[in-house]
Structure formats: structure tokens, C-alpha cells
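Next up is one chain by itself, shown in C-alpha cells, the form predicted on its own.
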Amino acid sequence: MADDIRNHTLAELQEKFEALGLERYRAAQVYEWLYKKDAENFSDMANLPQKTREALRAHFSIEKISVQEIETSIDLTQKFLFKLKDDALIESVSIPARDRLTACLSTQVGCRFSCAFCASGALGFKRNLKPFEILAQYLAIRKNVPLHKITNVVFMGVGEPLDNYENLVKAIRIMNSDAGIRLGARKMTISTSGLPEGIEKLAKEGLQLELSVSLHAALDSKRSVVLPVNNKFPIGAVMVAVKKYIALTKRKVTFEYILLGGYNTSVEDAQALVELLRGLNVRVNLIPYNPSSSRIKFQPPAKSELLFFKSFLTKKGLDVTLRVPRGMDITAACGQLRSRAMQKG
């Protein structure tokens, strides 16, 4: 099967073109067609000689991912279900706001980690996405939401991004490239359940990315219940990696904390979180629990729990935000639309 041309950085493509006897500068022209003009086949690339286009067709492909379903919320959040060439299903989400449009992209078909709040892991892990399959989600959203420019990208759809490290970073570099999509690194966020090795590697990439770590409890005994990966990589190991990331990148790290009524909202939980994060360049993003998104039956926090927890952290000097729920009237949580489609099939 021909190699998808979007699997390569510009530098890699220039070397491949040279090896094929093609002019190196043609690679930049191809990049412009792919990422700025949304070309879906080589015949669209009108400023390339016919022989060049024939050579490209002989050695590369531009695979399409098909849109199977789009769900639109009353708040204009949209959930996309995509089918890949091997019939695997993945999802993406577009989230509009007043001054931005965020695209949430998948990095794997399925997931190994079975987090309690995500439907992706319940169906098991199938394979990693290649760079072009990550990029194709972005391009498809851009095409289907033409009235808004994508300003931000979060890697938090199906799969654990840092478990597909090499393909993820290559896709990010193509997005960040001036010749490619030209999206600033600070406009891209990697949302991870906390894989220390991946976090430490990411810190050395020289990319000014945003890092978001799912915490959900500051005590190992509680975190392991909702994030089984904590049994292998407990909070202490995650924090060592995060501190290295902060030191090397000088970037603020966000910790995601889903508030579970009666479970992780006590004074003890709040104090443990303060002690864990004290003195670090971090932000805590509090997320009220949505019962429809979990296989484990917790309760949403009472308003008094939510207000207490936020107030406690703020008074102790932490930077705290409260996530406003989006797409509540559609299957907008990770893996839900894919799971429903697979059950039907």
C-alpha cells in the first residue's frame, strides 16, 4: 500500500523527493496544496508538472477518512464520527467559543488504559493512528466548519496521546510548520492520563506545548479507582515528570480534576491537592462530574461541594478554573459516539 504523503515532515519529504529525482522545492508546493488549499488528490496540484504528479501517485497516497456521522449540540459543539480505511472508527469534537474554535482529536483506535470517565477503553485497544490520520481529522473539521477558523487543538479524543508518542509528535510538528498548517505550539494541548516517560520526552522536544494531566484525586488510593494507570504510574512518579517538564519548558501545566460528589471533594482531598501542587507553576481545572460519561456510578457534586472546593484551593493560592460543560445534549464525552456506533454494528 502506498505511503500517505502526510506522514512526513517537510524535511523528510524533501529528502524523499530528491531520492526520486524530483526537485526538493516541489515538496513545499505539495505542502501548500495539502495544508493550505485542502487538496485531496495529486491531480488537484495544478502547478506541478504532469510527470511530477505521476511520480507522486506512484509512490504516495492521500487517503480519505470518511465522515460517518456529525452530531450538533444546541451550544454548537459538534461531534464527528470518522471511518478509516480499515473500517476502524474514531471521533473528534469541535467546540466553538466567542473568540476561538477548539478541535479535539483522537490519537489511537481504542485505548489501553480504561479510565472510568471514558468510553474508549471499554472497547479495548486496536492500534495507533498514523500522523496522516491525526492530521486528517483536523482537515475534515476545518472543511465541515468553514465559518470558523480552528484556533486551538487538544489531543484528547479516543486514545492516550503519549502512548502513541512518535506519531503524535510528528503530527504536531507538521501542524506547527510554517509550510504546513501553521498552528502555534502554544495553541496545542496534550491531555494525558499521566505517562511519566512520555512527559519527560515531551519536555525535551523544544515545543512550547500546553500539557494537561488528568489527576482527579491527590491520594493514590482514590486515583487508582478512577484511573487504573495510577497502579503502574502513581502520583509521585507523575509529579517527578511534571516538575521536570515545568523546569525545562517554563510552561504552566494544567491538572484536570473531576469533582465526584462525596468521593474526592472533602477537606482532606482539597488539602492533599494543595500540598501536592504547592509552589508549582500549575493550574487546576475543576470539572463537575457528568454521570452519563462514566462506567462507574458516582454522583455529581452538590453545588456546596463545588463552591467549597474551588474556594479552598483559591484561598490557598492555587490558580483554579471551572470548566463550563459543553455538548451536554449529545454524546460529547470521549468514546461515546464511537461506542454507540460499534454496538449498532
Ligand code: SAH
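The first residue of the sequence shown is number 1, and the count goes up from there. Note that the structure is predicted; figures quoted are calculated from it, not measured.
The next section is about a form of this same protein that is not shown, the form predicted in complex with the named molecule.
Peer 1: Though the named molecule is not shown, can you say which of Asn281, Gln29, Asn41, Asn290 has a heavy atom within 4.5 Å of it in the predicted complex?
Peer 2: Contact with the named molecule in the predicted complex is made by Asn290 alone.
Peer 1: Between Ser191, Thr102, Asn164, Thr265, only one gets a heavy atom within 4.5 angstroms of the named molecule in the predicted complex; which residue is that?
Peer 2: Looking at Ser191, Thr102, Asn164, Thr265 one by one, just Ser191 meets the 4.5 Å heavy-atom criterion.
Peer 1: Work out which of the listed stretches, 155 to 163, 129 to 137, 77 to 85, 237 to 245, brings a heavy atom within 4.5 angstroms of the named molecule in the predicted complex.
Peer 2: Contact criterion met by 155 to 163 only.
Peer 1: If we define contact as a non-hydrogen atom of the residue within 4.5 angstroms of the partner, is Glu256 a contact of the named molecule in the predicted complex?
Peer 2: Residue-level check for Glu256: yes, a contact with the named molecule.
Peer 1: Lys16 near the named molecule in the predicted complex, any heavy atom under 4.5 Å?
Peer 2: Contact with the named molecule, no.
Peer 1: Is there a heavy atom of Arg323 lying 4.5 Å or less from a heavy atom of the named molecule in the predicted complex?
Peer 2: Taking the distances in the predicted complex, the answer for Arg323 is yes, it comes within 4.5 Å of the named molecule.
Peer 1: Can you tell me whether Asn230 touches the named molecule? I mean in the predicted complex, with a 4.5 angstroms heavy atom cut-off.
Peer 2: Heavy-atom contact with the named molecule at 4.5 Å: absent for Asn230.
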